[in-house]
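Coming up is one lone chain in structure tokens, specifically the form predicted on its own.
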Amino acid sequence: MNVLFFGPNGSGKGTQGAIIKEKYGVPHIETGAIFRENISKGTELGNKAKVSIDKGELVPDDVTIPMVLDRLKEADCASGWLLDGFPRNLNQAVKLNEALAKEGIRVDVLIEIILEREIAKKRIMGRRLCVNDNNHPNNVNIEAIKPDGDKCRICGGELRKRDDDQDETAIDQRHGIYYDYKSGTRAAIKYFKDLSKRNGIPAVVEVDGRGSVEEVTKELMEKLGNLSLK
């Protein structure tokens, strides 16, 4: 099962991606990890990406997409993959789909965690990290996992804020790209949904991101379990 996985920062996409990975035994692939691996290995594409990154520029699509494609063709992807957060815009969606088609690879499922922008922002800014275990869920803006004052709700450890979680400008910039319906990530999602309307491929799974982790997981697993892939 080959999956494109979308959701705004703050939607819990990383958590759900890990659950899908374990459930279906497919690699959870993120472009950041692909960049790091290629740069560390000194590949031709990695060297090209490093030039852009060192300049503070976005890595060009003609570098990113071949890099992603190479990753999807590796042995551990033979039984499927979960591509997380890519493509990020409409142009990348078109180019990725064309590149996959040339290789005879298809996207079986598109998963979208739907969450309003303001809720996503509040969740990001409300996150608190336990010094004992960062995986302990604590968020001052989510009642179900609200900590006890400044102590972890799981172990009582001290809680800290991540600086980037409090940077409203950075959050707004990331969300600005994601929620852009004309050329951003939402436009990329619509592109694949429009493909689905033609023949049902990829199958589209939309999940309400407003619930608890357990509620989102339950809905996601039920909908994936009900799919009948062609």
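None of the values given here were measured: they were computed from a predicted structure. C-alpha atoms forming the largest set that superposes within 1.5 Å between two forms make up the rigid core. Numbers follow the displayed sequence, beginning with 1.
Same protein, other form: the form predicted in complex with a small molecule, not shown, and the subject of what follows.
Highlighted residues F6, K23 and V205: none comes within 4.5 Å of the small molecule in the model of the complex, counting any heavy atom. Checking I53, L69, I201, A187 for any heavy atom within 4.5 Å of the small molecule in the model of the complex turns up a single hit: I53. Contact annotation: of the candidates G85, G126, P137, G157, the single residue with a non-hydrogen atom within 4.5 angstroms of the small molecule in the model of the complex is G85. Although the partner is absent here, G32 sits close enough that one of its heavy atoms falls within 4.5 Å of the small molecule in the model of the complex.
In the model of the complex, the small molecule lies within 4.5 Å of some heavy atom of Q92. L45 falls outside the set of residues with a heavy atom inside 4.5 Å of the small molecule in the model of the complex.
Using a 4.5 angstroms threshold between heavy atoms, V59 counts as touching the small molecule in the model of the complex. In this overlay on the rigid core, P66 has a C-alpha that sits 2 Å or more away from its partner position between the shown form and the other one.
Core-superposed comparison between the shown form and the other one: CA of K190 displaced by less than 2 Å. Figure legend: C-alpha atoms of E118 and E57, shown here, are separated by at least 3 angstroms less in the model of the complex.
Three angstroms is the minimum change: in the model of the complex, the CA atoms of P66 and E103 sit farther apart than in this structure, by 3 Å or more.
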